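The form predicted alone is given below as one chain in structure tokens.
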Amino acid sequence: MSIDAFAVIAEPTRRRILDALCGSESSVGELVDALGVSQPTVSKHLKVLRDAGFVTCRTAAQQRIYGIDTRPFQAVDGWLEPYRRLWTRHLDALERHLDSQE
């Protein structure tokens, strides 16, 4: 079954979890404290993120430590590339126009 990366990251709490994990790996408890949401909520969203491949999980003593896996973001980046080129062309045209006004 194919996972829709956009459906996974569309949920705001999951994006907040990913933002928190960008800085460093974290335990569920650290994410609960950082996000101010309940432990069951964080665990539910971590399961979705883990099943979709966005986060990794390792065990350290009694804790599960979560981190970012960048591979699913490559699909998002690939989809965004044509739009990035489009914006770059438009911004370059705007820069040329503004330069000609001086």
Partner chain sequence: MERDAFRPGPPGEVDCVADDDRWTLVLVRELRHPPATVWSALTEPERLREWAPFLADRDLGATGPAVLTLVDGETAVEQPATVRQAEPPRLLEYTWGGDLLRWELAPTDGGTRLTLRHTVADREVVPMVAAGWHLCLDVAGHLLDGDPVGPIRGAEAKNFGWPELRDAYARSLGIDPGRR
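Treat the numbers as computed from the prediction; the structure is a model and nothing was measured. Numbering follows the first chain given and starts at 1.
The same protein has a further form, the form predicted together with the partner chain, not shown here; the description that follows concerns it.
> Considering Asp92, Glu81, Glu25, Asp19, which brings a non-hydrogen atom within 4.5 Å of the partner chain in the predicted complex?
It is Glu25 that has a heavy atom within 4.5 Å of the partner.
> Is every one of Arg15, Gly53 and Gly67 within 4.5 Å of the partner chain in the predicted complex, counting heavy atoms?
The answer is no; none of Arg15, Gly53 and Gly67 reaches the partner chain.
> If you check in the predicted complex, is Gln39 within 4.5 Å of the partner chain, heavy atoms only?
Because a heavy atom of Gln39 falls inside 4.5 Å of the partner chain in the predicted complex, the answer is yes.
> So in the predicted complex, is the partner chain close enough to Ser43 to count as touching (4.5 Å, heavy atoms)?
Ser43 belongs to the contact set for the partner chain.
> Does Gln63 reach the partner chain in the predicted complex if we count a contact as any heavy atom within 4.5 Å?
So Gln63 counts as contacting the partner chain.
> Are any of the heavy atoms in Asp33 no more than 4.5 Å from a heavy atom of the partner chain in the predicted complex?
It does: once the partner chain is placed as it appears in the predicted complex, Asp33 has a heavy atom within 4.5 Å of it.
> Taking heavy atoms and a 4.5 Å limit, what residues of 73 to 98 are near the partner chain in the predicted complex?
If the 4.5 Å heavy-atom criterion is applied to the partner chain in the predicted complex, 73 to 98 yields nothing.
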